[in-house]
Structure formats: structure tokens, C-alpha cells
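Below, in C-alpha cells: the form predicted alone, a single chain.
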Amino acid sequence: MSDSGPVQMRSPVLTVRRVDAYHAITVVAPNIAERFRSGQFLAVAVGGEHSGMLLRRPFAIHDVKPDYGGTVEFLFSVAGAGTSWLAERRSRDLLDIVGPLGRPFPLPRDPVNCVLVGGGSGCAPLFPLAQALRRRGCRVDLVLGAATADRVCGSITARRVAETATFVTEDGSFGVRGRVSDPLGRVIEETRSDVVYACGPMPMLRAVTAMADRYELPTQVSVEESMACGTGICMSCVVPIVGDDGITRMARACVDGPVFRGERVRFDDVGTIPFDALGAPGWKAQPDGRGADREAG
């Protein structure tokens, strides 16, 4: 494979199916399937060639089969005109897709115990990650949650790919009542976890990272940010991230992420540009070059 970067393809739809509250589309995309690494995503054009919907929609890759012609599957729920159009696609329709995009989940060099935590559609990218970790000899335990039972993604598959699977719903309609962070401490203790991976809404990622910090465990989080281009040009998906030098920078979720170290994400400041972020109004370097102070006045 000479080039591991993303490609643009007009890919035929193989299947469209319902998975509880979600739709799943599988496309034939061998060049994307062979490049894919767990945690990466697709940017899909919607509305057809003459549509006024100019922006692509980002979707986490849920499943990849390099064999069988090279297929890629993504999940979504209908939330607007673009996803409504996607839900109406049928076998042999063509989709204009770009991928695989983004920074994937880093995998441990040695076999370790891993807890994977997902909320809602954020569960989708954890399944290829679980398979990749198991191929490296890691133990995998899953904690999956959502608001209601039909929004818990892949409960049957979860039991197959993980040593244990814990399910949580906010209304108590499936598994235990609560949020995914509620049973996480118990799972970490019982499985003697070494690392936590998570994907879902920002409040969930914040709570999961805080729980992992109590046990001094590293976290890798895949953030769910709105993306207009998916290629790093528009700067619409920036997130405040603390670098190795202690300086906060506005990182693009689409190319610098979507995976970041949880302890480096300034969750309290998501959606803003912190005053001490590099390049923010009033920013100036401190004498040691490691931080910033607001300009006087």
C-alpha cells in the first residue's frame, strides 16, 4: 500500500438496514477499507449532485471488511435533511465519500486490560477498536449506554467481542439505570484496567476522564464535534487541547483528532477560546515560554 492517506470515491451502496434507532449503510470502498484504522471516520456528501446541501456529513466507521470486495459500514440517526436523504438510499445507489479521515485510536504495544466506554452512536467506533485490541492480545471490557434501550448500539455484538459488557440507560429500560460513568469505577476495579477508551458526547467524555483520573489511568477519547469540511480547512471543530509544553492550542478535531488524550482536553472550555490559548486575544508568552498571561488592561 503506497499511500495511507484519505481518498475520495463514488462508492456503491451494498445494504441499508435499521439497527434499533439507527440506520446502517454499507458501501463498497476497497481503497478506504484497506487504509482504515480504528477511530477514523468518513465524510459523506448528501443530497445528490444538484443539492444545495454543500457540506459533507461526518460519520464514524463502524465496521470494515477488507475481504469480500472491501466494504465499510457507518451508522447514523436521522436528524435533519441530510441524514433523511441518506436513510432513503438503496442498494446500488452511489455515495460520494472521503476517508478514512482523522487520527485513529493509539493501540498499546503490549497486551493490557482495556475498558471501552461509549454513549449513544458513540458506541459505533468502539467495535473495530475492540477487535484490533483483541488481535494484540488485550482484554476488552465494554460499558455502553444511551438515553433509551433502542439507542444502545450493538448490544449483541458487544457480548461477542468483549470479556464483559455492561449496559446503562438513563431511563432504566435496558441494563442498569444511570449514566455510563456510574458503573465505570466498579468495572475498572473488577477488570484491573490499564487504559480507558471512550467515544460519545462531551459531557460523557468529561465524566469518564474524571473517573479514570481517580484510578490514575490514561484515557483516549474520541470527541464528537460538528465538522463542516472534515479536512482541517474551515476550523469549525476546534477543541482546546493542552500540549506537552503546557500551552493550550485550539486543535482541529477532524485532523488533529478526533482522538485525544482525555487529560489534555479542557472540557470546561469546550466551545470557547480560552484567554490563555495560543493566539487568543490578549495572549502573551510567559518568560519561560511554557504558559500565557492575559495582557494588562
Ligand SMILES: Cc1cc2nc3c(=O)[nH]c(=O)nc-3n(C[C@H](O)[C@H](O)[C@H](O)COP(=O)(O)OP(=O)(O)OC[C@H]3O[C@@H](n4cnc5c(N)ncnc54)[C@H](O)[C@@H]3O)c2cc1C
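Values in this document were obtained by computation on a predicted structure and should not be read as measured data. The numbering used is simple: start at 1 and walk along the sequence shown.
If you look for the form predicted in complex with the named molecule, you will not find it shown, but the lines that follow are about it.
Among heavy atoms of T83, some come within 4.5 Å of the named molecule in the model of the complex.
Shown alone here, E224 lies within 4.5 Å of the named molecule in the model of the complex, counting heavy atoms only. Taking the partner from elsewhere, F260 is found to have every heavy atom lying beyond 4.5 Å of the named molecule in the model of the complex.
Although the partner is absent here, A33 sits far enough away that none of its heavy atoms falls within 4.5 Å of the named molecule in the model of the complex.
Stretch-level contact check against the named molecule in the model of the complex with heavy atoms at 4.5 Å: of 204-212, 161-169, 70-78, 105-113, the positive one is 70-78. Residues F41, L55, R56, R57, P58, F59, A60 of 34-62 are found to place at least one heavy atom within 4.5 Å of the named molecule in the model of the complex.
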